[in-house]
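Single chain ahead, written as structure tokens, the form predicted on its own.
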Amino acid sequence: MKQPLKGRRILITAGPTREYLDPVRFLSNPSSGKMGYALAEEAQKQGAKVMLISGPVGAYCHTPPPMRVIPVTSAQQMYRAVMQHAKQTDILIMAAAVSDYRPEKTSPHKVKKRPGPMTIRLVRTPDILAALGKMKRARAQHPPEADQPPAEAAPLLVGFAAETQNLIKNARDKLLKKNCDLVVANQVGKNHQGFASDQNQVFLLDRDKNITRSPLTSKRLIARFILRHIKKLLSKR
């Protein structure tokens, strides 16, 4: 098999995060991790050195050696892991479905039922994609010395947008606000695609205002579709 990504260092996030209220309850989402894992496996087949930072996923998600996998649970843990390793990569693919909010307080013991409603105060979690976009912008404003590796200049940043409405507009807003090079947008809430499904359909939006639509197909083929577009963007650098 050809290895068009040989020598490239890629960091990929996958799966959901869990934000615990107490030891038995948490806020999360339906992400299965299948898309991120498909991207990681396909990128490694194409010669890339892959690091996968994964939220909690099922046994159906597995990775072949020698891929390095860093398991995390919460958005804060994922943020720390990503920021620790981001500077050593050429390509950042943020496919994880990260919780936007967490309970302000976490009880060390199970919260027991009480009469009447219960109010839970939520606070924001770290915005990983925005932090990476700021890091990329700072590197662009202060380019490295000639003897520094390309990854120190600015990694290619790929974000994901799972939307229920205004798909293209919201994805375009994310591309610009988070300083991404590419956003992978998909409509969730439809039958047989998106969260927990084995197949999907995505739209790729880049900074040249191109919009490329994939067919409705398996997530493995979607991974190849995304990586082909990434390779095109790399060739323009």
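A residue's number is simply how far along the shown sequence it sits, counting from 1. Since we're looking at a predicted model, the values are computed, not measured.
Heads up, the form predicted together with a small molecule isn't pictured, but that's what we're talking about next.
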Legend entry - Listed residue (135, 156, 81, 162) with a non-hydrogen atom within 4.5 angstroms of the small molecule in the predicted bound form: 162
Legend entry - Candidate stretches 66-74, 171-179, 206-214, 48-56 - the one whose heavy atoms come within 4.5 Å of the small molecule in the predicted bound form: 171-179
Legend entry - Exercise: residue 94 in contact with the small molecule in the predicted bound form, heavy atom 4.5 Å: yes
Inset, instruction - Please run the contact check for residue 89 against the small molecule in the predicted bound form: heavy atoms, 4.5 angstroms, yes or no? - result: no
Legend entry - Residue contact check: residue 126 to the small molecule in the predicted bound form, 4.5 Å heavy atom: yes
